[in-house]
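In the form predicted alone, a lone chain appears below as structure tokens.
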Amino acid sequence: MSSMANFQPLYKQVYELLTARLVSGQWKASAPIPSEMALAKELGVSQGTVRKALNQMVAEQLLERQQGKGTFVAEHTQESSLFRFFRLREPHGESLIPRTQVLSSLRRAAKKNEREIFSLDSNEQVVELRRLRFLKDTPIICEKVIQPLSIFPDIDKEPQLPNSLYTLYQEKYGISIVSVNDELRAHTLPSEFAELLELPVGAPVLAVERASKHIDGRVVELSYAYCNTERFVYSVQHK
């Protein structure tokens, strides 16, 4: 184990090795992983070192422990994905699950910034998906989602997209979204979204640009959203 990386703590080396098994698909979503004792024996390290590495993976929600059953690869269900990554809710209220309406889905050439972010060649295409999302039957988000076809082949041909795209990414494409980077700005509502959000053109809205990352650190999805925050707030909980 000591030759795996330069000057990294042993548990970090174990963490990277085990994370690589998720990236490669060796460990599938919802599948149990070997016991701490078995992993320690296989890797030639102490059980405590393995436990420390697994604790970090659990904290990052790559793995989940089930009482009396063992440790399993985390699975993106509709509910878990939405509660973890959907940020809008009532002030001081509980998390809400949105309803989603697909407006359009089309293929186009990747733009320069998209090619740079996704590491695409000049002739590659992306899918531009547009959705309208509702809370309590109120339209609150107009969203544009960019999906590289090299990562999600024929995703525009899916007959019915789920409310949480991250679930589809994991189940069909082996892509597990483990973190997102959100950049927020105050913005005025463009005319093309005003009618959809039932707001006047130029109304103040929250603009959110999101980069969603696979377990291997790659950005695999971009999204741009205009959010009506008259009744709802953008909420982030830190534990």
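Residues carry their position along the shown sequence, with the first being 1. Remember, predicted model here, so these are calculated numbers, not experimental data.
Omitted here: the form predicted in complex with the DNA. The next part is about that form.
request  = Answer with one of 187, 41, 172, 51: the residue that has a non-hydrogen atom within 4.5 Å of the DNA in the predicted complex.
outcome  = Checking each option against the DNA in the predicted complex, the one that comes within 4.5 Å is 51.
key: Sole residue of 194, 45, 63, 180 within 4.5 Å of the DNA in the predicted complex, by heavy atom   = Only one listed residue qualifies here, and that residue is 45.
query = Going by heavy atoms within 4.5 Å, which of 22-30, 172-180, 51-59, 196-204 lines up against the DNA in the predicted complex?
reply = Going through the listed ranges, the match is 51-59.
ask   = Three residues, 11, 35 and 68; all within 4.5 Å of the DNA in the predicted complex via heavy atoms?
value = Judged in the predicted complex, 11, 35 and 68 all sit within 4.5 Å of the DNA.
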